[in-house]
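There is one chain below, alone, in structure tokens, taken in the form predicted alone.
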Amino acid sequence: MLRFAPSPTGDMSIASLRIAIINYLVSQQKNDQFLVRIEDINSKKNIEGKDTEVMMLLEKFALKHNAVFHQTEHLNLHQTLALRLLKDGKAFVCKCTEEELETEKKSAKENSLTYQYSGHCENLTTEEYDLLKVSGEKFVIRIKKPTKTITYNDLIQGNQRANPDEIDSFIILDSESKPTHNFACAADDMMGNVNFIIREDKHLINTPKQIHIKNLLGYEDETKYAHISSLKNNDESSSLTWLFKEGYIPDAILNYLLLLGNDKATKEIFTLPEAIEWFELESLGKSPASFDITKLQFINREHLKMMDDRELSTLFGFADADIGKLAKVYLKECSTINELEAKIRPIFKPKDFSGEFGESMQILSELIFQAPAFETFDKLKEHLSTKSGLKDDTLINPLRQLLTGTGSGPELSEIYPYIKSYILEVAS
């Protein structure tokens, strides 16, 4: 079982999307299940509707899941497991105040030591615990730190180890009886039998703690880990929201994210089904990958070229393969949907006859309305030249403005075959 575990606390980042794609891809390679777990334990930070948005984005990228649940659905199970550890003497109640803990941290810093919990409450007796519950005083539950080094092999980062002091006696249930991230995550992975965990390398610090939790809960099944390198330059220009707004398409974004940090890709342009055939998780590098918008532009252009002509035309409000082909003519100078739309829309807008070429445009417009249909641009040009007396640039410049709404672009002979059936609309 593999899983993707986003938090509904903001817009999905491309880094998170990359993790989702890789988890789904590996699940397909292994013919295993893919679970989506909405990590909504931290209710104060949750934003309404972001969980639904996550699911819509996964659907947009064709990442099909076998099951989905919210982590808060398991709150009672988390609490039960924490109390089991407490009963078994593997966890303990801590009533240290924030002020006391801050004093400990300050003391450690002054002595140039890495802070560790003092163990002040570790030997709290049952009687003291009962009195604490009756008093209403705030307390948390901490897990006892391990007695030996936690080691595991990461498929990308290599052998990892964390000594007991690095893991420490961390909190698993807070003062409001809510599980902490590490405890809820480990418990849900254990209960869901998630045995292959792929996530960002920022979680390397959490993994030993989660292994420790599962060890104490008696989980013995082997779990594989792969911590993917982070992304550099992950700012607004590389956010998922911005990419969609600018006119990048899902297939291209997915293609690009699977190339990041991967120097063993057998193809540069591919679809998700194709990637399932050759992708190797272990081929991803340890170093952070740089986000390169220029590379994404190239990939987006190539995927737009691959689109079905009629489907491409629907992006501009048509259902006509000829308009899709027209858009592909402009891909010589465009790379996004927005850039294409900026070229295609002026063709079908009413033309402005008040400019430099206005008089000639008006003459050509009237001639086009009176003319028969011409199969080729050369025939149309010959007819217009003969009837108007305009030649060379005095013909082409106003004709370009009339047919495209701009003064530059591809040759009119390339454009005409795809707009000839709309010629009366275009030339008005």
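Fair warning: this is a prediction, and the values are worked out from it, not measured in the lab. Numbers for residues come from their place in the sequence shown, where the first is 1.
Although not depicted, the form predicted in complex with the RNA is the subject of the following passage.
- If you check the RNA in the predicted complex, you find a heavy atom from every one of F298, K332 and R400 within 4.5 Å.
- The contact with the RNA in the predicted complex, taken as any heavy atom within 4.5 Å, belongs to P288 out of G355, G119, P288, G317.
- Checking E311, E274, E166, E128 against the RNA in the predicted complex, a heavy atom within 4.5 Å turns up for just one residue: E166.
- At a distance threshold of 4.5 angstroms between non-hydrogen atoms, L113 is in contact with the RNA in the predicted complex.
- Although the partner is absent here, K381 lies within 4.5 Å of the RNA in the predicted complex, judged by heavy atoms.
- For the chain shown alone, I41 is a contact residue for the RNA in the predicted complex, at least one non-hydrogen atom being within 4.5 angstroms.
- Not displayed here, the RNA is approached by I396 to within 4.5 Å at the level of heavy atoms in the predicted complex.
- Here the chain stands by itself, but in the predicted complex one stretch of 319-327, 258-266, 345-353, 215-223, 258-266, has heavy atoms within 4.5 Å of the RNA.
- If you take 92-113 and check each residue for a heavy atom within 4.5 Å of the RNA in the predicted complex, you get C96, T97, E98, L101, K105, S112, L113, in sequence order.
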